[in-house]
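In structure tokens, the next block holds one chain alone, the form predicted alone.
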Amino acid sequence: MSTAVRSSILHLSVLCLLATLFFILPEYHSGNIARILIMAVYAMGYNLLFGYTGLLSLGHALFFASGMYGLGLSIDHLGLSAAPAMLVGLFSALAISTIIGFLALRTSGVAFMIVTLMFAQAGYLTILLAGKYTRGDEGFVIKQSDRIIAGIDLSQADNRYFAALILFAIVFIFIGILVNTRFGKTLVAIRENSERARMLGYDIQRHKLIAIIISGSLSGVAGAAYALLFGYAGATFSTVQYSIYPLLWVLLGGAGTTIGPLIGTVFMTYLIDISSEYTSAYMLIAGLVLILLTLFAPQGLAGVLRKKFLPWLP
């Protein structure tokens, strides 16, 4: 069986499992998984830049918040319906990621990481300073009547779950196809040895810029979807911690693997959820687990699977 066929079977099996879980799990867990699927989309966007291209960004919360506020503000102030507002969120993230990409790629290494962090902080402060429109730290709730697409009320638990699953499936399949194209393989070549890729005639800066734009746009779509499905847009989502989260999810799940972001998001979410039931120091437990995984599984959970059992894992 070819690698492509195995990869396709894996992707379809994951989607079938996620669809089945809705009918098996209690309402609490199905609500949790709907949130995880949106955050996994965010992590997949981040993974394209970090896991496949080798660019460490600490500013992805800016793109997530761009999509979230693009949707939220266009509904709240412009009176748009949900579907056009989603497009506004997407194009907001696309425009900002294009601008940030042009500017940040003038640097490299640690400087790139710091510059992206500074841009994200500037975005956070902008949200606070524009409190008249964004309501600052308080954020704003998106009314149930505004969370309807094609007559489907996305505030309902079942509709929300399958809307999150459809978005996840589209991005999951898109990433699975993209990384196996010539463009995706070039990104991996840049990650492994950018100078050698340059010597082979590839336009390194152009590929990195496109990767930033795609990564930022996917993150923005996740932000817009989160606001739409869960009815809230707030400044918290533009803080540094929301730039760190996708990095942790990708590292835990396995950078440079298509399934890694989902595994990492599920693992981290439930680790915090379960440990918080027993102690208020749940972040200490999460930190200890992270240290152990870093020591004994530096390639992440999916990376271990790829190394020991599934060498064809995409």
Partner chain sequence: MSLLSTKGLSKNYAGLQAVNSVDFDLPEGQIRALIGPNGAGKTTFVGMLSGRIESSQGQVYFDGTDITGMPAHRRMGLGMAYTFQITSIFSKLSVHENVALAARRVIGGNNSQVRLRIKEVLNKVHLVDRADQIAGDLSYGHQRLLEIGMGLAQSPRLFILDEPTQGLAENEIDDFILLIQALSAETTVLLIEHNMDVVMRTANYITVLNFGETLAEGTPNEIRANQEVQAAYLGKN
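This structure is a prediction, so every number in the text was calculated from the model and none was measured. Residue numbers count along the first chain shown, from 1.
Same protein, other form: the form predicted in complex with its partner chain, not shown, and the subject of what follows.
Only one segment in the set 160 to 168, 71 to 79, 120 to 128, 184 to 192 has any non-hydrogen atom within 4.5 angstroms of its partner chain in the predicted complex, and it is 184 to 192. For the options Phe140, Tyr242, Phe112, Tyr202, the residue carrying a heavy atom within 4.5 angstroms of its partner chain in the predicted complex is Tyr202. Within this chain, Ala197 lines the site of its partner chain in the predicted complex, having a heavy atom no more than 4.5 Å away.
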